[in-house]
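Only one chain comes next, encoded as structure tokens, the form predicted on its own.
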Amino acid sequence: MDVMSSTRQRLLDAARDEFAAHGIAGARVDTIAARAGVNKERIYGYFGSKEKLFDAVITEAKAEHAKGIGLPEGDLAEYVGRLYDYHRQHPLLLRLLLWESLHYDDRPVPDQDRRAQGYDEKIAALAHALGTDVDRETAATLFTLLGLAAWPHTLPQLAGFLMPGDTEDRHNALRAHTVAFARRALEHHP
């Protein structure tokens, strides 16, 4: 890895932690630069702005997620289980997506078309696995499956209130329930 790509990657790594902890508005460029061991002007040289750096962080995190999970195919309920496991092992992605949601609300995110293409591939794969058309119903099904897997990690305190006790036992029970719930729902999918 050359010096430029090494510096860029250090900035992305430092920014991921800072953005996950504080969001776009609360993240500090000088803190990111200090964590990366560079002058903060490097952020603007590589990315142009704090928002563009955030977009690069999201893009990288989403690419890692896609590579780690793959497309919805085969046993779709187990796909939901893999999503559940991924979010448990990589909690920063959900934090970043929640901060993005708070920052942009319903306004378009940077490079929205590119991001949408990634989801179009997932919708097409899900439609193929279900033997249905690529349509709004399939898109809504994907959204629901993603939500099932992410929700326990998005609101861990609520999971603890509803299912007090050992965290590991709770996760095992929630994962099993989420997969079984998805399986039952997919059996009745039109």
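From a predicted model like this one, the values you see are computed outputs, not experimental measurements. In case it trips you up, residue 1 is the first one in the sequence shown, and so on.
We do not show the form predicted in complex with the DNA, though everything after this point is about it.
- Of the candidate stretches 159 to 167, 63 to 71, 32 to 40, 143 to 151, only 32 to 40 has residues with heavy atoms within 4.5 Å of the DNA in the model of the complex.
- For the chain shown alone, K122 is not a contact residue for the DNA in the model of the complex, no non-hydrogen atom being within 4.5 angstroms.
- In the model of the complex, no heavy atom of I58 sits within 4.5 Å of the DNA.
- For the chain shown alone, S49 is a contact residue for the DNA in the model of the complex, at least one non-hydrogen atom being within 4.5 angstroms.
- By the criterion of a heavy atom within 4.5 Å, A27 is counted among the residues contacting the DNA in the model of the complex.
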